[in-house]
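Okay, so here's just one chain, in structure tokens, the form predicted alone.
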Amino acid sequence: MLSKKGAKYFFLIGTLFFGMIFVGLTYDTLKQVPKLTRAENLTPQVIHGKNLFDKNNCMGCHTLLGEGAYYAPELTKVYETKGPDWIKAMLVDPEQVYPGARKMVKYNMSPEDQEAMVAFLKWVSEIDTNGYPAKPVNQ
């Protein structure tokens, strides 16, 4: 059994030790962020797409990288799974893509805005997410 003084030192040394581990792991993670996110691919068009994503409150229905609402599909890998033409079609007229099935807002985006949104979703799909979201199991 530890004395009060021994318990105090045990607590302080343990806290300091694990605090240093936490700081080291945080530093390592922050050092890897530019490589994992492919920050060098951030173009003005991608940034404009992100601004459109925020302005139109897409996260009010969709999730992106696991964050957002769960009403509509996850968009992290939508560029890989559906492609740019499908994304543009959904932005222009979701009712035409899924007649009678979708309740997505019909956006009046210019062709430049559509290209920016596609560029943003392409950039997001290239982020190294360590396997998130998991690929669906074929049944």
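Computed from a predicted model, the values in this text were never measured in an experiment. For every residue, the number given is its place in the sequence shown, counted from 1.
Quick note: we don't show the form predicted together with a small molecule, though the next part is all about it.
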| Within 4.5 Å of the small molecule in the model of the complex, all of 47, 92 and 122 (non-hydrogen atom) | no
| query | Does the 4.5 Å heavy atom contact test between residue 101 and the small molecule in the model of the complex come out positive? | reply | yes
| task | Spell out, yes or no, whether the shortest heavy atom distance between residue 34 and the small molecule in the model of the complex is within 4.5 Å. | result | no
| request: Give a yes/no on whether residue 39 approaches the small molecule to within 4.5 Å in the model of the complex, heavy atoms considered. | output: no
| request: Classify residue 105 as contacting or not contacting the small molecule in the model of the complex by the rule of any non-hydrogen atom within 4.5 angstroms, answering yes or no. | output: yes
